[in-house]
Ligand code: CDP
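Below you'll find only one chain, the form predicted alone, shown as structure tokens.
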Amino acid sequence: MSPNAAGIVERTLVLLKPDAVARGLAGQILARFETVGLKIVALKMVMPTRDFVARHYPNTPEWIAGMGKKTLETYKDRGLDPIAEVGTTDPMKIGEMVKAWNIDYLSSGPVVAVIFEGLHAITTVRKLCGATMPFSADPGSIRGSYSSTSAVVGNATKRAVRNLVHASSTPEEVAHETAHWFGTEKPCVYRRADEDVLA
């Protein structure tokens, strides 16, 4: 049975965020994904507007409150008072702040949008990226190799955590995000020279 028939060849979306581009890390980061056998099937550089970035996110009440709860957990773990830090303990209000910081961040400079294809692409890409917070990311992962910032730093400076990359986490996210960033553009179809060896 071929990998495609087995349902293990997937596509996923990766965004190289403005900090990755500004630091000249785009080539090194792309190489990390290509080295494990993932192939680039679509790629472009975008200067996104705030409105465009806002529509990248789910924007559901659950998603917004979830970000607020994560922030509150971070404050608790660090022994910080959320009232002193952001003036509230309401997860929705904190989530809205974090959402605004994320929009500011992702629209602050050029973004490289990429669709990768390969075996177990969604999971493989997320493992290579490492934990969302670079401070907690494993050494050798993209975030663990190129950053050590954390939610504590981001919250203290009232900005998003500069964590270099975004990777879709589910097939549903892949569908929404690839449609959002690439519209009706079709990914390229081709074979890498090493596909038979890697399959």
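The first residue of the shown sequence is 1; numbering continues from there. Every value quoted in this text rests on a predicted model; they were computed, and no experiment measured them.
As for the form predicted together with this ligand, it is not shown, yet the points below apply to it.
Full three-residue contact with this ligand in the predicted bound form, heavy atom 4.5 Å, for Y57, R126 and M133: Spot residues vs this ligand: full contact, yes.
Heavy atom within 4.5 Å of this ligand in the predicted bound form - residue from V53, A26, M67, A42: If I apply the 4.5 Å criterion carefully, the residue I get is M67.
Contact label in the predicted bound form: A137 to this ligand, heavy atom within 4.5 Å: A137 lies outside the contact set for this ligand.
4.5 Å heavy atom contact, V98 and this ligand in the predicted bound form: Yes - in the predicted bound form, heavy atoms of V98 and this ligand come within 4.5 Å of each other.
Partner proximity in the predicted bound form: T71 to this ligand, non-hydrogen atom cutoff 4.5 Å: Yes, T71 lies within 4.5 Å of this ligand in the predicted bound form.
V161: touches this ligand in the predicted bound form, heavy atom cutoff 4.5 angstroms: Looking in the predicted bound form, residue contacts with this ligand include V161, since a heavy atom lies within 4.5 Å.
Those residues of 83-113 which, in the predicted bound form, come within 4.5 Å of this ligand by heavy atom: Contacting residues: V98, N102, Y105.
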